[in-house]
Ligand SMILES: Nc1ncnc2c1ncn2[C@@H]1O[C@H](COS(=O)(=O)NC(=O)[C@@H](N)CO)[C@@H](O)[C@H]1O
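As structure tokens, one chain now follows by itself in the form predicted on its own.
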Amino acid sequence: MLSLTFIRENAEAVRTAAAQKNAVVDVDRLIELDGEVRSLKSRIDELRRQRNEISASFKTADPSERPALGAKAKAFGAEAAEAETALTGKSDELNALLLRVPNIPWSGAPVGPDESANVVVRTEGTPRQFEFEPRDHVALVEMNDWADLGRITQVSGSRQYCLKGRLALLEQALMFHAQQKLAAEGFTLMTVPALARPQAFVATGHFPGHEEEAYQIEKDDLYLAGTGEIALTSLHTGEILDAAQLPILYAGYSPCFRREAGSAGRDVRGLLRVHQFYKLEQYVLCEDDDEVSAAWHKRLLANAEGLLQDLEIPYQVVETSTGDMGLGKFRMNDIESWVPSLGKYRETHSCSTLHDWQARRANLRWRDGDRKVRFVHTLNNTALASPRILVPLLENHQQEDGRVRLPEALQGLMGGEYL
């Protein structure tokens, strides 16, 4: 969230950001509530001061004055209690509005309503020109018996998958390769749970607004997370980190779950859009310096690109528009991998800088060299998500006979040149 001071002093910028991000929030009402809350707090403090003053004078007062003093103190107390009730209601309304306020986007972000306004920054690699009619990934896995996309629906319903044999081994090899690379880059490897309390989703900005995308376990007041970012963000909630502890670099591996609500009819065939998947997430907590977080954004993006280069997959880097980047993002870059069967690039990675927007929600703080407590900056990036990454990997490296040549970086892990 943004600070109330910032919103008061930059109301027009907040209104502009809300319009650019398609966010529905009444900024005028928020500012009005802020004033009412501050006024009520001042009134309560004054009533308490007056009541305490009367109580302090009660012992030395003339006995004949004590009944009147007692009644006055009681009246002040009753008025304070009434104001506190009003304060609770106003504060709840204010906090609910604050959770809807978007971050101010980067000045270089394309302004537009949705992904149609995204801008390709650069393209790396050249899509392969096949000398034969290429198969899509579903045909490849079926002819090689690498997955069961039919029977598993009897068990788990639609948009589920079951990898088999060498392809199941390849998924593990991919994650191991990515984990090794990130560990060498100084990231601490983490395995995090998919289960999280609602507050953890609020802390990242997924709630309120995206509850329909998450699976709820109502009996236990838990949800299944769609990214390791949800667990990683709340690990240090309430702590005050020392400057020497920053930056904190995590590579979180977890099973992930998404209901894919509202995506009926999109990518229903194969492995592109499934309900359960696995993801290795880069996550950074750093000092709240714009240049420092910009440098980390660049490094996270480079790590993700390096992995795609290892996999020898052509890709393009996209500057995400204001209407497509989400409520809390300051800057967001997608990486889209080439999918031959679709004849286009599809998003496989996403890199986001959120400045202190998440940190304020999650209460993530650090103490600077002047001993001042400040909110950190947070960043996250998809290092690797499977099975989605298998789609461009299989299709780009397929052979005419249906075999798939493995990228050189994976051949040692898989014990050969072919899958």
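When you see a residue number, it is the position in the sequence shown, counting from 1. The structure displayed is predicted, hence computed values, not measured ones.
There is another form of this protein, the form predicted in complex with the ligand, and it is not shown here; the text below is about that form.
Shown here without its partner, the chain carries Asp242, Ser293 and Arg371, none of which come within 4.5 Å of the ligand in the predicted bound form through any heavy atom. Among heavy atoms of His349, some come within 4.5 Å of the ligand in the predicted bound form. In the predicted bound form, the ligand stays beyond 4.5 Å of every heavy atom belonging to Thr353.
Although the partner is absent here, Arg331 is not a contact residue: none of its heavy atoms lies within 4.5 angstroms of the ligand in the predicted bound form. Interface membership of Arg388, defined by any non-hydrogen atom within 4.5 Å of the ligand in the predicted bound form, is confirmed. Between the options Lys344, Lys74, Arg273, Lys298, the residue in contact with the ligand in the predicted bound form by a heavy atom within 4.5 angstroms is Arg273. Residue in contact with the ligand in the predicted bound form (any heavy atom within 4.5 Å), chosen from Ser234, Asn103, Thr322, Thr227: Thr227. Picking from 376 to 384, 42 to 50, 361 to 369, 25 to 33 the stretch near the ligand in the predicted bound form, with a 4.5 Å limit on heavy atoms, gives 376 to 384.
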